[in-house]
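The chain that follows stands alone, in the form predicted on its own, written as structure tokens.
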Amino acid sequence: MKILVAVKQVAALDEDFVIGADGRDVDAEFLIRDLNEWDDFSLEEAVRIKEAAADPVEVVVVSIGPEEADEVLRKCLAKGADRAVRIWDEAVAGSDPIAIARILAAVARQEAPDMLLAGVQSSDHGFASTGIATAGFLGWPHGAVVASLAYTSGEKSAVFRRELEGGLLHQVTIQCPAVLTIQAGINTPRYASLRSIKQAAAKPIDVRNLADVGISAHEVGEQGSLSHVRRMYIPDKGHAQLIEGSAAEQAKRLAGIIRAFKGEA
């Protein structure tokens, strides 16, 4: 049995940062990169399934990104993944979440896993669409915002629960292979031991380009994406004013502010 786990190296802002010259992203020198929080829970769930299995289970992590993404892949290997795959091509730069999902689906077709796990969303962009779009490209059933999962390796179905509005829980039986997007808090991700970190550093990472996974350049990047970043900017800060006086005086002052905002005399 095989479980494919999609992971992403996300960017967090340093205390001080500068918008890049193109105005579409933060200058890379001011970004701190790490494994996406939600993907950490996905990986832990896959490793727990492997550890509880009677038969061998292979956990494969896949990431789409340049060479610097190897750092998070090795982190995943240290936490229990068996293999790591990284997809990159210069044509991938500028891809939106749907184009990324197209690549993930191509990898899944090659790897033929019994289940594909992904985080609900990424902490940097937060579109929450890549995992579900991947299921669409594959034509697999999917479950989103999974808060608990009951699955035994080799079974043809899994049972999961997801949270709905109003505190309701939605319990679903899903046929495998399937795509599940995992919610934070479903488990407690483990820490990698020093020994496993050293072992992960020596493991190879399978690097593939678009041709290797059967994707053409026009299907990804900006030309293969239907959404584009127009600009990134720091919004203007507003200001607050304390209205003092009696209740009547405060009401009169507030009414004047509203009239002024509406352009009334």
Partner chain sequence: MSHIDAVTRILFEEFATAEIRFFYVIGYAAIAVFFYGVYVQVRKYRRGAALRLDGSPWARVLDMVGSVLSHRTIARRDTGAGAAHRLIFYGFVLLFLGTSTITLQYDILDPLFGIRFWQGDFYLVFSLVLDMAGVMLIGGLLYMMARRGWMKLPKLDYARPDRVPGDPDFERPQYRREDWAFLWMLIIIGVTGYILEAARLVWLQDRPLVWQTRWWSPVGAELAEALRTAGLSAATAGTLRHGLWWFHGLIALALIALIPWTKVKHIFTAAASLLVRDPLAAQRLPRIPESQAEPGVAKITDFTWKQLLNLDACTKCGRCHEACPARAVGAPLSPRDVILSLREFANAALEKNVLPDAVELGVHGKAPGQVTMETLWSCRTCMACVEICPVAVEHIPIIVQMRRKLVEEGSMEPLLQKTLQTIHKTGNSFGESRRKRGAWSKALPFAVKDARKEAVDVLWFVGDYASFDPRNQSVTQIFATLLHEAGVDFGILFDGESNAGNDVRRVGEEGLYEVLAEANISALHQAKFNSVVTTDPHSFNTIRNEYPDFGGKFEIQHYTTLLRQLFDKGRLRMARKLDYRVTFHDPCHLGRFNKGYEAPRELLALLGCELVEMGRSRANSFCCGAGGGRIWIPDPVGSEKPAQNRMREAAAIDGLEVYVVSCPKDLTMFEDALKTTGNEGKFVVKELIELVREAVSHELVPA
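Values in this document were obtained by computation on a predicted structure and should not be read as measured data. Residue numbers count along the first chain shown, from 1.
Missing here is the form predicted in complex with its partner chain; even so, the following discussion is about that form.
The partner is not drawn, yet in the predicted complex one stretch among 211-219, 193-201, 57-65, 234-242 has residues with heavy atoms inside 4.5 Å of its partner chain: 193-201. Proximity to its partner chain in the predicted complex, taken as a non-hydrogen atom within 4.5 angstroms, holds for one residue of Pro189, Gly80, Gly94, Pro177, which is Pro189. Although the partner is absent from this view, Glu249 stays clear of its partner chain in the predicted complex, with no non-hydrogen atom inside 4.5 angstroms. Mapping the unseen interface onto this chain, Asp14 counts among the residues with a heavy atom inside 4.5 Å of its partner chain in the predicted complex. Contact annotation: Ile32 falls within 4.5 Å of its partner chain in the predicted complex, judged by heavy atom distances.
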